[in-house]
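The chain below stands alone and is given in structure tokens; this is the form predicted alone.
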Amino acid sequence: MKYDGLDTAALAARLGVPSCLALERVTSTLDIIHELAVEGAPCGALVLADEQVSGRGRQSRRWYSPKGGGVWLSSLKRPSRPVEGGVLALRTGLAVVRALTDLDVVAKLKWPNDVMLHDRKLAGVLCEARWRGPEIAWVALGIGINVHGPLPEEIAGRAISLDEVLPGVDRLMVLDALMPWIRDLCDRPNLDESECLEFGQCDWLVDRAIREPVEGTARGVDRTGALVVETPSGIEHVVGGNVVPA
């Protein structure tokens, strides 16, 4: 199929990726990228879908992915060394925030994988690794960005589409801004000082009181991508769970 008027060869050339597959309707782009990885697809291979019928987020949550409503993609990474799962998710989230900044949209990151705009969810990231014994074989980076509304009433209070703040935006504009950051995603095992600083500048949770996964005050992230929480009994480093503000 053509994706917003471009065939897959034109998309791959435009986005600077070794291969691009654009599909009309899929369960999840993550499913397709894993299949391609098994078949030997190169690092940087990209899958785009017009619609996902089983788009997924963390903890098996469904990601609303209507036909033509957003950028639903997965990118294949083949890290040369193991990377902490939380680190890669945060790096991908930072890439989304940078791309939005390039579009003059100021977004925030809610640990571990939500991109927030005006306190509503604009985008999400999900990283799924596959291993071959002790070695990492590949990682599928899944990204969903709401581009066009209106959103269903049941999620409109907590989600937002990009065209609410950027009239006239289209999916190719978003991809043009996003893919340079995704292509250059590094595979260092931990966040470096500059990445921690960058996260701190767009940290939606910082200094907020939270109830879950532990009760306390969010104080940023550490170099492993863990959430740092100041609790009554001391500092805790949270590596997983769903954050619920107090």
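Bear in mind that the values here come from a model prediction, so they are computed numbers and not experimental data. The first residue of the sequence shown is number 1, and the count goes up from there.
One more form of this protein should be noted, the form predicted together with a small molecule, which is absent from this view; the next part is about it.
Heavy atoms of L30 reach within 4.5 Å of the small molecule in the model of the complex, making it an interface residue. The shortest heavy atom separation between L162 and the small molecule in the model of the complex exceeds 4.5 Å. The closest heavy atom approach of H34 to the small molecule in the model of the complex falls outside 4.5 Å. Remark: R219 does not count among the residues lining the small molecule in the model of the complex, judged by a heavy atom distance of 4.5 Å or less. Contact with the small molecule, judged by heavy atoms within 4.5 Å in the model of the complex, is confined among 90 to 98, 151 to 159, 164 to 172, 124 to 132 to 124 to 132.
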